[in-house]
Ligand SMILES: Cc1ncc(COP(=O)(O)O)c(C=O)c1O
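Next comes just one chain, in structure tokens: the form predicted alone.
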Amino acid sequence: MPFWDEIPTPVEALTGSLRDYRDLRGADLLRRVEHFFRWQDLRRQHHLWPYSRATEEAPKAVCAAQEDTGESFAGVNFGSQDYLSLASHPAIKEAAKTAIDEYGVHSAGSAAFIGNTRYSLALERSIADFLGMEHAVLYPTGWAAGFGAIKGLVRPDDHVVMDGLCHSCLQEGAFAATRNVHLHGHLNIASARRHLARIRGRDAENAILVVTESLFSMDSDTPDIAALQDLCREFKATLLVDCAHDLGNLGEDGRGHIGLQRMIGVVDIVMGSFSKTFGSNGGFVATNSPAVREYLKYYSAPQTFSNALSPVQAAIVLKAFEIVASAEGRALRAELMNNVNDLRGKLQAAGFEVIGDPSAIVPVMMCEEGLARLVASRLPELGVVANLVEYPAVAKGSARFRFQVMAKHSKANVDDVVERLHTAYEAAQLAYQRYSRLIARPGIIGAIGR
């Protein structure tokens, strides 16, 4: 049998990345995206496009889902970000029903134009108190909070110094606000200091916003928040910390790395999201300054010109904060961390590279996109819901699975996902070795593409 006949999947489906289609050329705005669609659809046809899936039931520890082609599958779910398993908690669902009975389902206005409810006002107070801050402002999504906080406060002559791995909402907010964006090495305090010293050496008049995350969602690691806050004081800068992934679910009291590093009430600006731990969409910005709070309400477009959180969302998150702060929340965090440590240990024992520190995010490195896609293509039929992460979420050549752990995963769920990932990896590795020989042939990709 010819070598080519052994290869059922086109090589193009295992090569290339979204980076290849980022910079568009051509006068026809609609047709110039077709090159991307052809590549994407080739991957889709060969079960190598693991995105835009949908759940067919509540995203619990085991659930049914479907590919974006409509094909159904079911299995252990390590792809949903419901870290404390609150999305289906009886008290959360009851809070939603009560809010619907009282308010209906819609806030019917922006926060500026009577979109607030008694639930949203109580939620702002609850968030501020939980973080030891004076004030909080709600946003329709976590993404909107990150983008809106930066774009709302930073002006074109100001500077933003941020970790090079900061989330899309933070980077896009920075680049939308100013041309003076300085990316420092990941978790590298010395690099941040060099940027700040260079900026202040030539610009003493304009503001500097330093931006980081308390838990980086692709690497599961954390910065030295106190050191960054000290740098900000030294160089007359302001610190913003995004606590989307650890607030509520990490630390004995649920205050994440800001709490673990004893920075509660000390960080200049804290922003976060409700979509990881608190059972709803939405986000917030917390500050000790009433002036900052009021300014964001009228100069941060995603807050001013978006519809306010629905009463249902606000009631859900308010109840979730209540659970997080309770003895039940403490028990759920302990269950979550037991599952995290169990999964990390068993993945490492199975020979996988697991990076970062223990958190609800467990990154499992695959590195090569082609191999990672072949592994991902096998997981649904083995009964695993998991997310493959490629560029632009991570650097090219750093593909990985981002397993997201829940408090209500069982030990059997953990055992199953490790065993099934190992089965998928072994089969994919054999297939990828054949592809690698083909890819190495001079001119073969070009010939196949014609």
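All residue numbers are counted from 1 along the displayed sequence. Worth saying up front: this structure is predicted, and the values here are computed from it rather than measured.
This protein has a second form, the form predicted together with the ligand, left out of what is shown; the following refers to that one.
Residue heavy atoms within 4.5 Å of the ligand in the predicted bound form occur in exactly one stretch of 219-227, 117-125, 251-259, 164-172, and that stretch is 164-172. Under a 4.5 angstroms non-hydrogen atom cutoff, the ligand in the predicted bound form has G142 among its neighbouring residues. In the predicted bound form, the ligand lies farther than 4.5 Å from every heavy atom of G148. In the predicted bound form, S273 approaches the ligand with a heavy atom inside 4.5 Å.
In the predicted bound form, P311 stays away from the ligand, with no heavy atom inside 4.5 Å. This chain is displayed alone, yet in the predicted bound form one of V154, V210, A244, V340 has a heavy atom within 4.5 Å of the ligand; that residue is A244. Shown without its partner, the chain has no residue in segment 9-33 with a non-hydrogen atom within 4.5 angstroms of the ligand in the predicted bound form.
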